[in-house]
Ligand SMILES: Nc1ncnc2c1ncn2[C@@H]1O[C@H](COP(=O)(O)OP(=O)(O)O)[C@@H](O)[C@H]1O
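A single chain, nothing else alongside it, follows as structure tokens in the form predicted alone.
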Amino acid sequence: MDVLSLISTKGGAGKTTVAANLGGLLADAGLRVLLLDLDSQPTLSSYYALENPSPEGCYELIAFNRTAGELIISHTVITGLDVIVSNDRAGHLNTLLLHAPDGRLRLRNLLPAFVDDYDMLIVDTQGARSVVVEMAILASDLALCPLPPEMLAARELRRGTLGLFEELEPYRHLGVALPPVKLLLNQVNFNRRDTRLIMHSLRRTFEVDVHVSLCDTVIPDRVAYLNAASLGLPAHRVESRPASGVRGPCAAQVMQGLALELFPQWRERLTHSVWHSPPCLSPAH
């Protein structure tokens, strides 16, 4: 089972949207996907409609090591896509993990319980520094950091998100390898003058960094992603082909490109299965 965490210490970067759309696309490609919502604002938990919601969620998983699927896992209306909902609105898990001997390694130690049932675990986290976010990082094979192409966001990236990874470096001495970090330019408006300048600066900054790299895929600022969230559908179903008069790739092409970049081991399924998903609802038609 591959573990991807969406990480950003800055709120509003688009973590939940990326997590939901990646999960939906991978599930439509025939993979068994589990979403884990660790954000105290449970947006990912409500992105897709649920069938037979479970009575428990992430709090019971982390606080009580509860891994029984019938108790903590809810099935979404997307075949092959399940979710462990966020139910820690008061943020008690941060305090609990801070004082637990295995706090930052709790999720990593729980993962074997899901290996036989899922191909992919996608973890959504809150937009702030916390022990819960550190726990998610240490449990991941890959960390994806959505980043709006804005100068303030770029500065916060170095100070906040990447600084958090640096503080976790001592865990390497315990045999826990930190995941590589992929930066994803998100909500990109190519009509802004400073967009290309910031993109070029980021690529130049990290071109020799062995742990941090910039994704080739860029997610544009398009209404299709808002429409998808409103409909409770993955964006590749909502915009399956380029809309008339709109420049650039459609949402389906963008999300497929991102999935191929992040998960090359699933190339065959992603290139042959995703386009046979259920009928799309495209605003252009």
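Numbering starts at 1 and runs along the sequence shown. Remember, predicted model here, so these are calculated numbers, not experimental data.
The discussion below concerns the form predicted in complex with this ligand, not included here.
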Practice item. Please state whether all three residues 13, 220 and 225 have a non-hydrogen atom within 4.5 angstroms of this ligand in the predicted bound form. Key: yes
Check your understanding: Is residue 187 a contact residue for this ligand in the predicted bound form, using a 4.5 Å heavy atom cut-off?
Key -> yes
Review point. Which one, 155 to 163, 204 to 212, 104 to 112, 179 to 187, holds residues whose non-hydrogen atoms are within 4.5 Å of this ligand in the predicted bound form?
Key: 179 to 187
